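Just one chain follows, in the form predicted alone, and it is written as structure tokens.
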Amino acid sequence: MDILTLNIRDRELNPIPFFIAPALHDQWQRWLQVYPYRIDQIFWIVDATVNQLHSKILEYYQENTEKTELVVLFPAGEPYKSRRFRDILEDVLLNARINRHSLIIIVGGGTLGDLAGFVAATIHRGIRYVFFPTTLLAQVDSCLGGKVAINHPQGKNLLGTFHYPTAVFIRTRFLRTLPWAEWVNGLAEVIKYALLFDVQLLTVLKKYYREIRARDSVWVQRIIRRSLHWKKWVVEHDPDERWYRASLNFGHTVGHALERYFNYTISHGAAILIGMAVELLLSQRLCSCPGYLLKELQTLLERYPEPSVLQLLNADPDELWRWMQYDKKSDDEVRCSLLHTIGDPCLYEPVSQSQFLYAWESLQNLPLVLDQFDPQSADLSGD
């Protein structure tokens, strides 16, 4: 088992522990035994699909956790990160008489973590919560940053704050039942960390792609641990995203615009992969980024094939540009987090419409041959 400590302090100046292992029931019980605060009730907010796939193990956790008051099954997905569903969740918890000495346990992926974490941050001016991330995206990225948010009709994550969990339990066996598109959602973020910071991780992704596609537990735990290492480093240096943490938005200005253009019906990972390709082309033109990094991304796109990536290229670039103007980094100009090279981001770089359109057109001419791979072979099962 890996244990990672995030040196961002909670309200009582305690570091935040992250436990990473295939199974974590014993660690969960030990952590509860030393939990230093009063607990009146425990509320579990669980992804309904995860509950269906892993009902036995979740029931075991809940039945062996004292003071469990309520288990709320909630749908996951970007359409549910809304003001309407935030209100529904708040009503359920307040009707169950949640108070400031309650503890919320979130079991799900990044979208449920965003929504339920946002509710935890605002209900009674802030309640402690624990996160059990169940998707690769949540395990390698969103579980660590403390960002919680919901969407607004004008754009993604426009309503939110920072509210860090009290602890995170990364149970990697949850990943066995992930559909391939969800697997790619997480891999896109792993690839982002490799391109931003880590030549060795880039080599691992290229060399051991068969093992990673097959979800070999050793390699999966390694890429999770390495990704969290970089997220931890960035977050500790810039917890409130005043400057350097904006580097983690690489690929996301274009990617979020794609998600909004397709009304959140597409894979987040596919959108971010295309977003990184476009922003690498912009990086070459605006930040003197070497061309080989785009070729590295092209190789990874081919070795971790997600067919929907190609469909996104049919988006109307003028409409994408309109949605890019709602990005959180934009002011009177659209700004992207680009790259000079690995380890040297190019932050808040202004991008003009003509520069974006040139990069989008260049992407259309990028040769891309997806590897012959049956995604169904990656859908593993069992606990």
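The model shown is predicted, which means the values in this text are computed figures rather than measured ones. Residue numbers run from 1 along the displayed sequence. What we label the rigid core is the largest C-alpha set whose atoms superpose within 1.5 Å from one form to the other.
Below, we refer to the form predicted together with a small molecule, which is not included among the displayed structures.
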{"item": "Answer option from G291, P307, G77, G126, heavy atom within 4.5 Å of the small molecule in the predicted bound form", "value": "G77"}
{"item": "Proximity to the small molecule in the predicted bound form, single hit among I272, I104, L178, L93 (heavy atom within 4.5 Å)", "value": "L178"}
{"item": "Interface segment, criterion being heavy atoms within 4.5 Å of the small molecule in the predicted bound form, picked from 218-226, 96-104, 201-209, 142-150", "value": "142-150"}
{"item": "Interface membership of N157, the small molecule in the predicted bound form, 4.5 Å heavy atom rule", "value": "yes"}
{"item": "Exercise: E296 in contact with the small molecule in the predicted bound form, heavy atom 4.5 Å", "value": "no"}
{"item": "is_contact(G110, the small molecule) in the predicted bound form, heavy atom dist at most 4.5 Å", "value": "yes"}
{"item": "Partner contact for E349 in the predicted bound form: the small molecule, 4.5 angstroms, heavy atom", "value": "no"}
{"item": "Post core alignment: K231 C-alpha displaced by 2 Å or more between the shown form and the other one", "value": "no"}
{"item": "Core superposition between the shown form and the other one, C-alpha change of Y264 at least 2 Å", "value": "yes"}
